[in-house]
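Below sits a lone chain in structure tokens, taken as the form predicted on its own.
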């Protein structure tokens, strides 16, 4: 059976690559060091494939037909989408997919009560381009992207995201393969692109959210995390943290390490990353 060797969650804010030089030097250095530490945690686990979960940013789906989750099942992906290339300041890249694992996720989740959309064509923006730039700059680890709805109501509730994460972890562990699998959730933290809090970062919310997840108590997370609280911290983007709840569900009730956090107003986002301490 496959083994989940690491579970990570981190920000994918485009400012980290697109206009990093606008941040103070100490923020630039903290971000670069933080992403490097996340990359170290990932590579130390020696994954054969990454299963990613991230907000779609309404790039791939019609507004009247947005799935909660859509699994990419192609053999290869490319990014960034042309419109986003200058914005994220990342050169075009290609990364292998993993059709067998993608299909196994779709089939296994359906058998456990989660009917997922799937696609062979998905465009990438900062959701994958930014974290892959920092964590796997050679783009040499295959990726199964799972695009999720964190934008258009009705969005999946926090409890539903935790439940999906538990099922996703169960399906991956039941996959008849000796593959080493990493789960990487991307998005957040507090930001409100183009909204009334565009020039604000809710540091208290961000740190509280990360500390809550790091404690490893999913029942408490279900009680205390709500869509309303996320939107209060930044209506236009903070709900991307639903992807982090999927990661927590897949990791199980185990503690996590908060690897870094930088509340950067010039980059228009609270940015951080964490890694769960999986049982041996």
Partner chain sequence: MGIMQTDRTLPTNRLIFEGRRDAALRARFGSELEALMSEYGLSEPEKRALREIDIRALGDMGVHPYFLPQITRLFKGAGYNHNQSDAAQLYARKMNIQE
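This structure is a prediction, so every number in the text was calculated from the model and none was measured. Positions refer to the first chain, counted from 1.
Below, we turn to the form predicted together with the partner chain, even though it does not appear here.
*Asks:* Thinking of 90, 217 and 255 as the candidate spot, does the partner chain come within 4.5 Å of a heavy atom on all of them in the model of the complex?
*Replies:* Contact check failed for every one of 90, 217 and 255.
*Asks:* Please tell me which of 29, 224, 44, 235 lies within 4.5 Å of the partner chain in the model of the complex, judged by heavy atoms.
*Replies:* The residue in contact is 235.
*Asks:* Does residue 103 make contact with the partner chain in the model of the complex, using a 4.5 Å heavy atom cut-off?
*Replies:* Yes - in the model of the complex, heavy atoms of residue 103 and the partner chain come within 4.5 Å of each other.
*Asks:* Report yes if any heavy atom of residue 196 sits within 4.5 Å of a heavy atom of the partner chain in the model of the complex; otherwise report no.
*Replies:* Looking in the model of the complex, residue contacts with the partner chain include residue 196, since a heavy atom lies within 4.5 Å.
*Asks:* Taking the partner chain as it sits in the model of the complex, is residue 176 in contact with it (heavy atom to heavy atom, 4.5 Å or less)?
*Replies:* No - in the model of the complex, heavy atoms of residue 176 and the partner chain never come within 4.5 Å of each other.
*Asks:* With a 4.5 Å heavy atom cut-off, would you call residue 231 a contact of the partner chain in the model of the complex?
*Replies:* Because a heavy atom of residue 231 falls inside 4.5 Å of the partner chain in the model of the complex, the answer is yes.
*Asks:* Name the stretch, out of 57 to 65, 208 to 216, 36 to 44, 246 to 254, where some heavy atom lies within 4.5 Å of the partner chain in the model of the complex.
*Replies:* Partner-contacting stretch among the options: 57 to 65.
*Asks:* Within 89 to 125, which residues come within 4.5 Å of the partner chain in the model of the complex, counting heavy atoms only?
*Replies:* Heavy-atom contacts to the partner chain in the model of the complex: 103, 106, 107, 110, 111, 115, 116, 118, 123.
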